[in-house]
Structure formats: structure tokens, C-alpha cells
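Heads up, the chain below is alone and in the form predicted on its own; it's given as C-alpha cells.
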């Protein structure tokens, strides 16, 4: 019989996030340090719950994701991250990790962001570390770059920095700052053909990549200004422009990566049509085919109804600005 007093356990829940200004391409692939700052909103309806249990009697790490034990590269990624935590704590305990998403995994809806931010908090707390928000953000970034933005409530800015200790996210605005709604139109719930990691690796091969970085020098301050002024029209234009910019870089990389499919284009056309009818809505996408439609709360029902009527939309997920990573009792 196992001695339960040897066990050290913690549970955390963390949101996925949608980036208004994207992270694409890694200046330092090992440390997940980006070429530019990014800005995001945590999603109230897309989250990962992770339980981490250390026990000195365990003989290896066990990783279970959405009810299935994972092996190979996915397991290695988690184990490597646990090794970082173990080194920080000065302990060599093995762990059991059980992680569950309430939204499709590996489909371009930032499941790695919610997964590694939850793992960072549960994994560090279970082993006895109490990290302040900045250090937790830095730790989460080592697992998945965008995970550093999920730590804080509402809206976050990831400061690119120049090294491990200077690249982290900070809070930008509280959840109630603006009544934005993000509706995810899921057109493909399966695993995307090219992972975000592959996309980041290929990003700098695009002849457009340097142009994109130059454009961001103006786009980032312009988006901050529009956000803080709650100028939805200008904000939406910049969000949409940024999404297209990322995908142009992906499509022109070597090899080219095409994340869009018929459903993606159908949703984009529908958003254009909504605006022509006087309903302000704008689209954005991360590295995947599924589309995030940004609108104001008062328009969200009409936007969602229009999306659910589309041929290729399987279902929608309605999000508002959400809480950041937190422990569960």
C-alpha cells in the first residue's frame, strides 16, 4: 500500500488566449523568445484543467491528456518541462500529470497555451514552489510561448525581451475593461496538418517576414491606442489586418503552410457580409483553420446566429474576457 503522506498534489485551470497581435517565429527556439511583442485576450470558454501529483515512490512520469496516456514527442515535451520545475525545486520526484481540455486540442485554438500555463502553476505549486506572476509567466513560456499570456486575468501583453528573464507577459487590462466577445467558429476540430512549432520554424524563410516585423512597429502602438480608446472599428481593422499578415507569412514560407480551408473562407466571407449589413464584426485566426470572430456583446447573438447557419461551421464557442491561470482547491 502506498503512503499517501508522500504525495504532493495540485490542480490548476488556465484559459486559452487569442492574440490580437501575433507571435510568429522564434528568435530563440530553445527559450521560446519571439521577434515581437504580442497582445492577447484570455478566453472564458476555452480552458485546460491539469492535476499534477508528485510521489517519491513513482518510478517514472505518467502523462494523461484528455483520458489517453500520451507517449513519444508529446510526452517528452511535458517531461522536459517537469524537469525544469524539478531543477528549480531541487527535487527529483516523478509525477503523474492528468490534463483535460473543454475545447478541441491541436486545432489552432491555443490549447498549448492553456495546457502549459496550467501545468506551470500546478506543477510548481505541487512541488512546493510559490512563484510570483512574472516568474510563473516566464516558466509557462518555456513550455509554450503563448502560455505566458494566459497567466493574467483579461488582456495581456507579452514583452519580447532579450533573454529568459526579460521575456514575459504583463497584465494589460482587466476582463471588465471592454465588453468584447470572441466567438470561435469551429470548422475543423481535428489535429491541424502543420503544428505551430513547424510554422514557427519556417516563419523566417518567408520573404515577407521582415516586412511584417516592420509593419508591426506601427501596428502594435496603433492597436494599443484603439483598444484603450475602445475604438472598435479601428481596433477590429487592425486585428483583421494582423491575422492576414501572419497567414501571408505562413503561406510564403518554405515550405509554404496553408492553415485555411473551405470553412475558414466561408466564415471570413460571412464576416465581410455582416459588416456590409451594419453589424460590426472582425475575424482573426491563429495557426489553424478555425476562425475567431471579435464583436461587441450587444451584437454577439446576431453574429453567432449567422455563423451557426453556415455549411462548414460544426459548432461555435462563445468567449468573453476570462480569468487567468488559477489554482483549484
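Only a predicted model underlies this, so the values are computations on that prediction, with no experimental measurement involved. Positions refer to the first chain, counted from 1.
One more form of this protein, predicted together with a small molecule, exists but is not displayed; see below.
Only one of 220 to 228, 191 to 199, 129 to 137, 67 to 75 places residue heavy atoms within 4.5 angstroms of the small molecule in the predicted bound form, namely 191 to 199.
Contact between residue 145 and the small molecule in the predicted bound form is found at the 4.5 Å heavy atom cutoff. Among residues of the shown chain, residue 307 is not one whose heavy atoms approach the small molecule to within 4.5 Å in the predicted bound form.
The small molecule is not shown here, but in the predicted bound form it comes within 4.5 Å of a heavy atom of residue 32. Of the heavy atoms in residue 52, none are within 4.5 Å of the small molecule in the predicted bound form.
Contact with the small molecule in the predicted bound form, defined as a heavy atom within 4.5 Å, holds for exactly one of 112, 204, 101, 245, namely 112.
With the partner removed from view, the residue among 295, 43, 267, 287 that has a non-hydrogen atom within 4.5 Å of the small molecule in the predicted bound form turns out to be 287.
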